[in-house]
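The form predicted on its own is given below as one chain in structure tokens.
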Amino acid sequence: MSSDIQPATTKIFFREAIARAMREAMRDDPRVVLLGQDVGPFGGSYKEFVGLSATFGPTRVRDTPVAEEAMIGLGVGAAAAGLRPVVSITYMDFLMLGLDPLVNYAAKARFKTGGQIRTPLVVKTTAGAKGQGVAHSQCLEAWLMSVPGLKVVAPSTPADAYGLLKAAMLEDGPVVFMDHKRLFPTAGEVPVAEGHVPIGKAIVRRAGTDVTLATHSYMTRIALEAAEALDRLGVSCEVIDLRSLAPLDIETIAQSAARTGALVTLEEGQLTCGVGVEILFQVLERTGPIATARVGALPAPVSSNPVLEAAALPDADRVITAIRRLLESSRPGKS
């Protein structure tokens, strides 16, 4: 039998991929429980939990008050007691209310107790801008990347939403699973067979030879749009989807950047102390001097005004401009 045979897939929406991962995990492990606002009969704020309440009942799918610190604190305690909770935080902006139990207890429990207490907790939170204003649009993943004991994943496709959530629910320590408002209605092929995507492994979404573009979550779609346009201009752009932010797969990025000789990072969050600066420094430690640039949101709150929101966020045109400027300055004639 040929090894080139591809596994069977089915096309589903991003939100359906999350529901499938939850359904399989809850079926296979009675310790998996779901907590959050509107996760019960309503099916989740983005309909990513549809059907779970009817299947598993209110004991395992529990609606909570609007109290993020209590929600995560309850999840951390339940995890330490032997359950495998998934806590849904509707907006990443309000994850900061639960940072104390997440950072000071969940991420440190196994270190403080010599491994006697572990917290197999998943905090699923939704980031990104989609017309909801300054306190409902932020991407704060860079805040979380520096916490020892905490893993952070950010899928960009339905297949990775399914696979990374399945992997997160197998971890013995806390994982933040970051999705994005603009990804829920997108569709893609997901393997029919059950499985998971390993945490800590990036993927090359598009091969290229002139520049490496590293990104994650919804910005992966922007990166691919920019790469397609650059190709028509004679610039070959390799797009790497990080998928995992903690741990970072620096080796995959560094190998690509060493080959192309140029590295650009793209994120929806802020550039100051952001994901991109960490990637660039770690890559430069491995490769030595190469051409680099960062693209991210403007240093301003994201407005609910659609014109101002669009002005603040990275788009394909900004990525194209940044790459052409970088290549022109580092390789005159190649832009």
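Remember, it's a predicted structure, so these values are computed and weren't measured experimentally. Note that residue numbering begins at 1 and tracks the sequence as displayed.
What comes next is about the form predicted together with another copy of the chain, which is not displayed.
V192 falls outside the set of residues with a heavy atom inside 4.5 Å of another copy of the chain in the model of the complex. With a 4.5 Å cutoff on heavy atoms, V134 counts as touching another copy of the chain in the model of the complex.
Remark: T209 does not count among the residues lining another copy of the chain in the model of the complex, judged by a heavy atom distance of 4.5 Å or less.
At a distance threshold of 4.5 angstroms between non-hydrogen atoms, T272 is in contact with another copy of the chain in the model of the complex. Contact check for A19, E228 and C237: none of the three has a heavy atom within 4.5 Å of another copy of the chain in the model of the complex.
Residue heavy atoms within 4.5 Å of another copy of the chain in the model of the complex occur in exactly one stretch of 110 to 118, 198 to 206, 153 to 161, 228 to 236, and that stretch is 110 to 118. With contact defined as any non-hydrogen atom lying within 4.5 angstroms of another copy of the chain in the model of the complex, the contacting residues in 140 to 169 are A142, W143, M145, S146, V147, P148, given in sequence order.
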